[in-house]
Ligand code: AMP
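Read the single chain below, which is given as structure tokens and is the form predicted on its own.
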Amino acid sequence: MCGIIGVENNDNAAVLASAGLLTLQHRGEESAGITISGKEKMKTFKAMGLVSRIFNEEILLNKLPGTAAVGHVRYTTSAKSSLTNAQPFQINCIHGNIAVAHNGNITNFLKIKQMLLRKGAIFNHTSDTEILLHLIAMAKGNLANIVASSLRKLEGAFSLVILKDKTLIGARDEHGFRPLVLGKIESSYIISSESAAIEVIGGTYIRDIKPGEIVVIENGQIKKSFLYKKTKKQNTCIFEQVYFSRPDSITFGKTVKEARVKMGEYLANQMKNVKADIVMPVPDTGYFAALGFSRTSNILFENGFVRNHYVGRSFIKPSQNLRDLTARLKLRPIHEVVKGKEIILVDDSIVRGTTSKRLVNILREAGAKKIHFALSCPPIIGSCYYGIDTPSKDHLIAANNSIEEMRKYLGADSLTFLSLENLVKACSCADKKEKVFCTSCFTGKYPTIISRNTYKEDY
């Protein structure tokens, strides 16, 4: 998962892009970058680390002058974590200087890369994003048509911002796997992974960019928007609402916070026969589900963990050792809250199970009497090929164990997962009855063809 943003027609484009990336930091903590254009020659500045440590006043005001910008925060899904693969990627080709920032996974990357290599292409990165730049460089026509013809060759998940001179383009794959939204601040348009990044910098969310849509923006005007490819069914990742997206971001006409509260309400109904003293969230993504659970069950809501906010998200660390260390540093129990209590512990999901087991052990050591573990999504039984670094099925605890076996491994007194039906209801827009979600990680059924050549690496 990554976060992307584009800003155009604004003298403070780099500053706004940096603030937007800071808002999207939860989507990737490994590297960050901004490409700027519009006043001088296009230039890119990127580095490993957090946004706040990379972009200071000197860099934003003096080294990145321009009126249009694209930015990126990275979380590794398809290539090693290194400065080489930090985005945006910038090239100088027959069409001029072009930069691209990408969120998702291009599943036919290996096939296209082999085709490009046979044509003489030279690759400077190991990321799947680079093939798009080669396709653009080899295409003919105006910029919008070049992008459209290039995207038609791609399969899988891709939300993109593309910059050429003062022209900003936003594009989304025909399934709509990854989010991408359009907003405006005064006479400037903004494209972002989430609406919260637009609103934080003072802008207004307008709408989602449609699956299969290209939006071309120039000089404060939408020059054109069109569908470059149609699909029979939208498949937006439902795990965005479970875990990745900010609670204040808008998805399907409502905030992610509202969806997570609903998850907790449905979970409480599934567990109405379970008795407990307190409902307790695993910070931060379990918070609103626990709140919804508490309101529905009338069981007291309590914060029983202290979170170290200077530690990042454990799920998106590139190795298991880092995930384990982060989990240990991140949460400490409040003994007086949990000692002697029967607890309903609410978290968003269980992937490998190692972090969840550690949390149960921590609460036992703090004196918890009983621990009923409740998850606001179904068991994850399938690996994601569309931009989330879930491991292969061999490492997914739910793919290889029954719920009772998982409960024993975790050391919990009970283990309950939200049903898929209830999850879809919690995330759906009230006025839309059709199913618009990708739920492959819960069902093992994928909306695109998955073969031995499908591009995915596990970390």
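All values reported here derive from a predicted model rather than from experimental measurement. Heads up: residue numbers just count along the shown sequence, starting at 1.
Only in words, not in the display: the form predicted together with the named molecule, which the text now covers.
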Q: Find out whether any non-hydrogen atom of L180 is located within 4.5 angstroms of the named molecule in the model of the complex, and reply yes or no.
A: no
Q. Could you tell me if V351 has a non-hydrogen atom within 4.5 Å of the named molecule in the model of the complex?
A. yes
**Q.** Interface membership of S188, the named molecule in the model of the complex, 4.5 Å heavy atom rule
**A.** no
Q. Might Y385 be said to contact the named molecule in the model of the complex, defining contact as any heavy atom within 4.5 Å?
A. no
Q) From the list F239, F89, F158, F288, which entry has a heavy atom within 4.5 Å of the named molecule in the model of the complex? A) F239
Q.
Under a 4.5 angstroms heavy atom criterion, identify the one residue in E302, E265, E218, D389 near the named molecule in the model of the complex.
A. D389
Q) Which of these stretches, 351 to 359, 101 to 109, 141 to 149, 172 to 180, has heavy atoms within 4.5 Å of the named molecule in the model of the complex? A) 351 to 359
